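Shown below, as structure tokens, is a lone chain in the form predicted alone; questions about how it binds or moves come after it.
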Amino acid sequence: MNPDRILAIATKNLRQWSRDRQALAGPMLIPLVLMFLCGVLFGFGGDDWNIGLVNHSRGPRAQAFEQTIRDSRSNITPYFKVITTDPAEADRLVHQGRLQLVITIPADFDAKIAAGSTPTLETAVYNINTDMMKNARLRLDRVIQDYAAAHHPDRTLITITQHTTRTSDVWRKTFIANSTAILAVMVGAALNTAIMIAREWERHTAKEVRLAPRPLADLVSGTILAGLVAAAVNTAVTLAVAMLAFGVRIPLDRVPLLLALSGGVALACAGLGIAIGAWLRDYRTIQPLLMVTFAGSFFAAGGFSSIPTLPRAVQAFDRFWPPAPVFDTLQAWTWMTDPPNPTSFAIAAALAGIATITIAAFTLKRRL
């Protein structure tokens, strides 16, 4: 390999990359769009459920229970947003789907508790979208438990002491934003190198490359070098937005390891990008193919939500889908107090890099 030739190829590719607005913006577009779309829709509050709260009792116990419902909350938003306390309006709105739940406290609430019996709440549920309704029902169960523990501990069989793996919760918007930075590493390396290679055919310079003496190793090395630089820029922009707008904070003592692991991932993706670029040789085919594939991987491989929370069929698929361990390992090393040993992941990333670069060289050799 000739270092001067490698540097010349990398410089040429980076110069073309910086002048091509579409190539410049494309690899950044998917991570940033997913960050704002998913982060805002699923992470910036909006977690309180619209309910009707009808209290037919004026007793102090019923009033205390009503206040427990109103005060119940997660660390993001209150559990419930009381829209109405009027029985007729609540009934109308829940049947129209404007309320997820109507809770009715009976008139004999205080009397039954005083007599040692259990009062019965009446609920009306808009039971369309079972996942949403599951959350509303579980929150009401939690309110009942909290009320009993606070006001009638002698009638509470079980209470909860919660231990967390971190001192503070990681908000969903922050988790999602960090995932998009991980996505930027993969899509940036793969898409930039694929476009750089495809450009040789689109601009009719492939013939000149073919006539150059021993071009293969220099072309692969120079393109990977340029692709990694472009991917680093894409990732830096995405990570900066994630830190400024979504509160991502990476522990400084873990930055060197995360950079090393991300570098291995980027190298493997760059090799894959060269192989795809040489195979398809068409910018208009490569860009949507890779963008859709990586966007789908974001949702299916642990970017939007951690892998253990995904459906079992998807978890089974993720055992064989390479982006899954990337999201899983890099998220763990960003957030977990005691993350898993990264040795096996680092070895796998290095082997994947060797394999994809070998495939890239083989594909280029056949095309040139």
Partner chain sequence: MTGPGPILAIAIKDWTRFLRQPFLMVISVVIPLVFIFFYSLIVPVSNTNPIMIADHDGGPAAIRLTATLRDLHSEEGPYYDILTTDPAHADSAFHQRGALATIIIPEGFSSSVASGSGQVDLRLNNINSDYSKNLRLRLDKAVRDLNDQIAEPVITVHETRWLPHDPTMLGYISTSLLLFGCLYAAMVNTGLHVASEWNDRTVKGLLLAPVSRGTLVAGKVLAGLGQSLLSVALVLAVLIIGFGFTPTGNLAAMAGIVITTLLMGAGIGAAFGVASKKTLAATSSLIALAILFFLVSGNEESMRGLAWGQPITSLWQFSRALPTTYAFMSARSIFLTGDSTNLASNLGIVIAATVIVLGFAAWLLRRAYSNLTGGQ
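Positions refer to the first chain, counted from 1. Rigid core here is just the name for the largest C-alpha set that superposes within 1.5 Å across the two forms. Treat the numbers as computed from the prediction; the structure is a model and nothing was measured.
The protein also exists as the form predicted together with the partner chain; that form is not presented, and the subsequent description refers to it.
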ask   = Considering D71, D86, D282, E208, which brings a non-hydrogen atom within 4.5 Å of the partner chain in the model of the complex?
value = D282
remark   = Of the candidate stretches 230 to 238, 263 to 271, 216 to 224, 91 to 99, the one with residues having heavy atoms within 4.5 Å of the partner chain in the model of the complex is 91 to 99
ask   = Taking heavy atoms only, is M243 within 4.5 angstroms of the partner chain in the model of the complex?
value = no
key: P256, heavy atom within 4.5 angstroms of the partner chain in the model of the complex   = no
inquiry  = Under a 4.5 Å heavy atom criterion, is R319 part of the interface with the partner chain in the model of the complex?
reply    = no
ask   = Does G247 reach the partner chain in the model of the complex if we count a contact as any heavy atom within 4.5 Å?
value = no
key: Residues from 107 to 143 in contact with the partner chain (non-hydrogen atom within 4.5 Å) in the model of the complex   = F109, G116, T118, P119, T120, L121, E122, T123, A124, V125, Y126, N127, I128, N129, T130, D131, M132, M133, K134, N135, R137, L138, R139, L140, D141, R142
query = Taking the rigid core as reference, does the Cα of D282 move 2 Å or more between the shown form and the other one?
reply = no
query = Using the core for the fit, does the CA position of T165 change by 2 Å or more between the shown form and the other one?
reply = no
request  = Classify T85 as shifted (yes) or not shifted (no) between the shown form and the other one, where shifted means its C-alpha moves by 2 Å or more with the rigid core superposed.
outcome  = yes
